[in-house]
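This document opens with one chain alone, in structure tokens, the form predicted alone.
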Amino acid sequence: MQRGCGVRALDILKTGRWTAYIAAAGLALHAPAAYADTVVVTAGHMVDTLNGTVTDNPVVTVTDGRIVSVSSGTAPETGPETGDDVRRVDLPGMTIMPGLIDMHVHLTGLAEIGGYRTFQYTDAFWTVAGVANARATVEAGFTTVRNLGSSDYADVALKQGIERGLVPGPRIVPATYAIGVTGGHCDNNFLPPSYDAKSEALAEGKAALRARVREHRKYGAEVIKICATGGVFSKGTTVGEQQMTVDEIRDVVEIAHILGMKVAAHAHGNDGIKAAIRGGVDTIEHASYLDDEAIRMAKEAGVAFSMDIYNTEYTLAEGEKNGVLEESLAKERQVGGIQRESFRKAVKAGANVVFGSDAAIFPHGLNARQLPVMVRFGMTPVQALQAATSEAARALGRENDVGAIAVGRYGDIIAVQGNPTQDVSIMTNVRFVMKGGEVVKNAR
């Protein structure tokens, strides 16, 4: 509620006028536009991420934020798409493709502030940082992200601010707090017992786990994240150790799926990965120690791997300077190379591997640097692009909205100079970004 509007929320609740007030506010917020907003985009080439081909001279029409037609040739000079209210965006010689999707980010984290240095900042600082990170992310061409863990429901706040038009940023699928166990990867293990510092989302036992899922959904979560194993950046955990049982995972998944939400499992070690797959999760995050059986299980269950294989380079180069604990650096040195070989093995076996960068471990806006690394470790450029578009959209369960330039999907369109299906490294220099028919960046 805006300040200065003359109505206090508590007074509304006390007087019983809140229903009418909220209804009126809802009508005001969702009133239909007086006319259809249409933009026609033309370019030299278009990557069709559904079939991995490149089309010349595309013409894409977006009305009220969604794509209504896709053709090739030249934009018409007359007709319903050329009226005074129709905007034109011409990108001659450039290659367009759908906005990219990052399946694993932490928008309210900063790679530049690690370890105990984070305690120098007030809680609300991280939401402010998230505003800057959201802008950097969308301007890098990532128009949709899955935010897998934040404190204070800050990812929901960012989502609301972006959707309200207050700040620029990507479409956010928020997880709110990651659900974990006492002393595990998602707990707060940095302070001594006298502080009684704990994560806000610890849960053990069937009733507690199910209640956490419902609570997360109540306060804005659209995906659930669990911590099935130890991790690199948590204090006092071993990367590969299993931390949740199959039954505990299944308890979370059952309620999440009933509520229409998917479940992402942070899982490095084989035992934890297999437990997560048996428990019914939808994606495995990190997946560092993969054996053939785990890959086979994931393929049979339709589980996608989201493997952050770029950030090792940044962590080992800059982590000490940024305050990352030596314990974490040692774990990164141990697991980084193994994870990349697991990535290669999963790709070769035909597993579904989607783009997830774990941005916040490296600076936001550099997400696309992972694409060339994915090619270096076994993907073709087309596969890497699909991992960050059509395959990621399918793993999100939002293939009708994002992931392709196709009729019915959002008008999320980015442009680069050159052909990324031949040289995927050019994706690190996105020159143009449109989100829902609105230009976010134009640096042609």
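The shown structure was predicted, so the numbers you read here are calculated from the model rather than taken from an experiment. All residue numbers refer to positions in the sequence shown, first residue = 1.
What follows is about the form predicted in complex with ligand ARG, which we do not show.
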Check all three, Thr137, Gly169 and Asp412, heavy atom within 4.5 Å of ligand ARG in the model of the complex: no
Contact stretch among 94 to 102, 291 to 299, 200 to 208, 225 to 233 - heavy atom within 4.5 Å of ligand ARG in the model of the complex: 225 to 233
Ligand ARG contact at Gly240 in the model of the complex, heavy atom, 4.5 Å: no
Any non-hydrogen atom of Ile361 within 4.5 angstroms of ligand ARG in the model of the complex: yes
Contact test in the model of the complex: Gly336 vs ligand ARG, heavy atoms, 4.5 Å: yes
4.5 Å heavy atom contact, Asn311 to ligand ARG in the model of the complex: yes
Sole residue of Glu332, Asp282, Asp187, Asp251 within 4.5 Å of ligand ARG in the model of the complex, by heavy atom: Glu332
In the model of the complex: members of 258 to 284 within 4.5 Å of ligand ARG, any heavy atom: His266, His268
